[in-house]
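Heads up, the chain below is alone and in the form predicted on its own; it's given as structure tokens.
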Amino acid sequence: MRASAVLIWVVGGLCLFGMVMLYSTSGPQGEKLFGDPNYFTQRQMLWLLAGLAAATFGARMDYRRWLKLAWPIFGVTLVLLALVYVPGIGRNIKGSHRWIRLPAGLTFQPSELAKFATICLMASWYGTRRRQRAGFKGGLLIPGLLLASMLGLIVFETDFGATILIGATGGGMMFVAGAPIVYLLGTGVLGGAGLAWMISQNRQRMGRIMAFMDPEKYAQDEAYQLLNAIYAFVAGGIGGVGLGQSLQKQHYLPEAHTDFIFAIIGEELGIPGSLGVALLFVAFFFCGLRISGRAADPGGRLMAFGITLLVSLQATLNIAVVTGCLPTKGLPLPFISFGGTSLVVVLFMVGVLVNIAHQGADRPVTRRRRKAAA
């Protein structure tokens, strides 16, 4: 079976499973906040339909057009990231400026678009400058400054999770594109040190670090979500307590339907459910790598690699946070967590990945191509 076909089945399974788990998980929170236990499920269904339309559009549009539009997309994204700070346009939630207001009470998160914009720009830059990418200026300085401009706007939203994710994805693409490894490592160390300093100056983020180091000490505040997530896995045990039977979703785990939905999967479906989700993301990763390796041109290979790396890395970080392997960060589990902008953007990127596969060697071999090969 072709990699693109396997990819579609994997993503379809994750989306369907996500809707089931969101319906099972979000009822108490929807009842508490909006008086409707189906509030989040209904909204996510609308976003899923929009995401499927975006995926179809991405699959039909030649990915080379996105590479040609990389600079305009990058510029628009920078403007949108700046607009989150404008009163009346941006929306502040829990002290973070990450959203733009839309009609009908909806919001849009520009940092989600920044993921695709970064991948497009890096793929376009390195795909069209193969002679320059081994040098310091073309291989590191210019793309590094462009990436830094994007990350700078995101980090001041206090969205450290998206900053780390996009920075790691951009750095990974620069590495596979052939950027000088010594300079790349040095830049990564400096960037990491700068991010660490900013976290040290943020009381809330430092509290999360301290809670990660000693969760029992901060059990009633910063470590509250982490400990309740761990309790969910303990309660679920091997076989789980049964679909819909979670106790932690009853207001013990505040973000059960968003960033911490994987904990409810572990509680209700046990090890088989948790392991099944993890294996689907592993399958996604290898399908993406195969599509990248068989793409028709360097730009397509880099774009496919960037999309694959970003989605897989985001899933890994989310699972690591929920299981207590990393400090708490606000990153949703792709295809499963509640979140409209995230779902639409990631499904659109999957559509682009499918188009790269169809444009490359993953296409079915026709009779004419068989004769040519012979």
Partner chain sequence: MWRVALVSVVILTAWGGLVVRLGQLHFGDNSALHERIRTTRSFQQDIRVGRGRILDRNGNLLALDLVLQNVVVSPDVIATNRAAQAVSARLAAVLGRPYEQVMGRVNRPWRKYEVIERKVKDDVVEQVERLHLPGVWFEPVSTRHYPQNELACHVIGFVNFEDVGSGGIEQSWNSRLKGRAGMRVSEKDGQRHEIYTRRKLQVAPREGANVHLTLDQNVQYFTERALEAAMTNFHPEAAWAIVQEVRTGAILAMASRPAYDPNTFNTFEAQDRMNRAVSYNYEPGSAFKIGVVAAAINEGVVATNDLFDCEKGLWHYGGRPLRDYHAYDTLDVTGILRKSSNIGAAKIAVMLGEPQLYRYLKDYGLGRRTGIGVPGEEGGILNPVNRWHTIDITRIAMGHSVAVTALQMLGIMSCIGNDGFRMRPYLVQRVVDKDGNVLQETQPEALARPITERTAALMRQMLSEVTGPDGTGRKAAVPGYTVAGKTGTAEKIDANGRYIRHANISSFVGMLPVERPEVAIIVVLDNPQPIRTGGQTAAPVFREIAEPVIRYLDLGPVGESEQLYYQRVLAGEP
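Numbering follows the first chain given and starts at 1. This one's a predicted model, so the numbers in the text were calculated from it and none came from an experiment.
This next part talks about the form predicted together with the partner chain, which is not shown.
Visitor: Quick check for you: of 106 to 114, 147 to 155, 176 to 184, 74 to 82, which stretch puts a non-hydrogen atom within 4.5 Å of the partner chain in the model of the complex?
Guide: In the other structure, the partner sits against 176 to 184.
Visitor: Does at least one non-hydrogen atom of residue 237 fall within 4.5 angstroms of the partner chain in the model of the complex?
Guide: So residue 237 counts as contacting the partner chain.
Visitor: Though only this chain appears here, would residue 307 touch the partner chain in the model of the complex if you measure heavy atom gaps against 4.5 Å?
Guide: Residue 307: no contact with the partner chain in the model of the complex.
Visitor: Are any of the heavy atoms in residue 99 no more than 4.5 Å from a heavy atom of the partner chain in the model of the complex?
Guide: No, no contact at 4.5 Å.
Visitor: Taking 4.5 angstroms as the cut-off for heavy atoms, does residue 275 touch the partner chain in the model of the complex?
Guide: Output for residue 275 is yes: heavy atoms within 4.5 Å of the partner chain.
Visitor: Give a yes or no on whether each residue among 8, 19 and 58 has a heavy atom within 4.5 Å of the partner chain in the model of the complex.
Guide: No residue of the spot touches the partner chain in the model of the complex.
Visitor: Taking the partner chain as it sits in the model of the complex, which residues of 258 to 291 have a non-hydrogen atom within 4.5 Å of it? Please list them.
Guide: Residues within 4.5 Å: 262, 266, 270, 271, 274, 275, 278, 281, 282, 285, 286, 289.
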